[in-house]
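In structure tokens, the next block holds one chain alone, the form predicted on its own.
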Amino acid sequence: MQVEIINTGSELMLGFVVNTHQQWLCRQLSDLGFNIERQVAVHDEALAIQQAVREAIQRAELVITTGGLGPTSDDITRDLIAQLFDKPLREDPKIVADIEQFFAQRSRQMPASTRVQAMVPEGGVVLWNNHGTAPGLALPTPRGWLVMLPGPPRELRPMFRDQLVPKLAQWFSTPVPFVCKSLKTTGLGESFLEERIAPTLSGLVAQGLGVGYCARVGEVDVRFTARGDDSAQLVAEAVGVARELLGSHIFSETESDLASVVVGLLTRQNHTVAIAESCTGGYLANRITNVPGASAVFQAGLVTYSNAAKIEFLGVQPSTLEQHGAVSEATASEMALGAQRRTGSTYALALTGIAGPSGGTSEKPVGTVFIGFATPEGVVVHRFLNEYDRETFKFYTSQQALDILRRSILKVAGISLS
């Protein structure tokens, strides 16, 4: 069985809005065992929408469109698909009542234009919208079903889960069992990671295991997939191989990001951390405090961008700055120790570097970073060269700092590193 997704909206094609539907819907459908063959995005134009739908229903048993069901002039998906299917549109009084109630509950007058959302193609199935005014619609096709979902994610997602998923179970036979497992790793490049695990996994691949890699800034996801009755066993064996060969390079086997993992480790070990930042300007502290429960382990974040701030708030010696400079091993060391001592935290991380695009020298080129790490046993400093644009530089440097902290906690907890 094949599935195709068509996202409509000129705002998507102009780059004003990020198309989150493609990722979310593909993940939901894949978890249900459906095979997504194709996804496209098209402008809010009659020819583009009708052509995309016409081609998709000839190939796929399930076609899902998103957007174009609202009350404004550019919401034309409903009308165009009704024309394509040669189905007259008729107003559904139950939908009209539902829309009227929506506005009444909010003490707002109902605009006359919203009644267009109650128009249903003849023979269409209504998917009720409990979070907005535009219902979803479904029409049978020669191969299966065409489903129209509204554009806003806060409406589309609950409608998919609550309204569409039960109908998919009615319309289609149980899909072939499908298992997908992703492992998040850091500290290894994509090609190095593949070289480490691919030879050992070759036997499982021959049995039907799918292996994929997704490289991001500072991390690589390795993904294992399998279909069929033995899919769970295949994926479980692959995960076991990866754990053995990648060791502590794996930081998560769920959707958790590195900051969430670190906060969890600190919480379980009853440890705390403080941050002293210069070149990252508070980026690392922001990532940590984005994690629910971070207040239990995060003591303080000091953005000491100037030399004067480093001296006043962290106790960095003026002579250190004069002799070695703000971007140096000595300064990073004193920054970390100062943050640790002034907050009483178990650990402290200090980040100082040259984000660029100017300010580098032959000895310390743009991208040079020193990360000081203070522990109860003392302080160590790591030097890196992160040659990226400023925003990527900040993320990558914060990723390195988090991994330094993560590995130290694991080591203290007696978990072997590789």
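Since the structure is predicted, the reported quantities are computational estimates derived from the model, not experimental observations. The term rigid core refers to the maximal set of C-alpha atoms that superpose within 1.5 Å between the two forms. Numbering starts at 1 and runs along the sequence shown.
Although it is not shown, the form predicted in complex with another copy of the chain is what the next lines describe.
Visitor: When the contact criterion is heavy atoms within 4.5 Å, does Ala112 count as touching another copy of the chain in the predicted complex?
Guide: Yes, Ala112 sits close enough to another copy of the chain in the predicted complex that at least one of its heavy atoms falls within 4.5 Å.
Visitor: Examine Gly212 and determine whether its closest non-hydrogen atom to another copy of the chain in the predicted complex is within 4.5 angstroms.
Guide: So Gly212 counts as contacting another copy of the chain.
Visitor: Heavy atom to heavy atom, is Leu12 within 4.5 Å of another copy of the chain in the predicted complex?
Guide: Yes, contact at 4.5 Å.
Visitor: Within 4.5 Å, heavy atoms only: does Val42 come near another copy of the chain in the predicted complex?
Guide: Val42 belongs to the contact set for another copy of the chain.
Visitor: Which residue, Asn286, Thr267, Ser248, Thr141, has a heavy atom that falls within 4.5 Å of another copy of the chain in the predicted complex?
Guide: The residue from Asn286, Thr267, Ser248, Thr141 that makes the contact is Asn286.
Visitor: If you check Leu168, Leu84, Ala309, Leu204 against another copy of the chain in the predicted complex, which one has a heavy atom within 4.5 Å?
Guide: Comparing distances to another copy of the chain in the predicted complex, the residue within 4.5 Å is Ala309.
Visitor: Among the candidate stretches 34-42, 374-382, 345-353, 359-367, which one is within 4.5 Å of another copy of the chain in the predicted complex when only heavy atoms are counted?
Guide: Of the stretches listed, the one contacting the partner is 34-42.
Visitor: Just to make sure I understand: among 237-273, which residues lie within 4.5 Å of another copy of the chain in the predicted complex, judging by heavy atoms?
Guide: Only Glu255 sits within 4.5 Å of the partner.
Visitor: Align both forms on the core first, then report whether Gly315 has a C-alpha shift of 2 Å or more between this form and the one not shown.
Guide: Result for Gly315: yes, a 2 Å-plus shift.
Visitor: For Gln101, is the CA shift between this form and the one not shown at least 2 Å following rigid-core superposition?
Guide: Superposed on the core, Gln101 moves its C-alpha less than 2 Å between this form and the one not shown.
Visitor: Superpose the two forms on their rigid core, then report whether the C-alpha of Phe34 is displaced by 2 angstroms or more between this form and the one not shown.
Guide: No, the C-alpha position differs by under 2 Å between this form and the one not shown.
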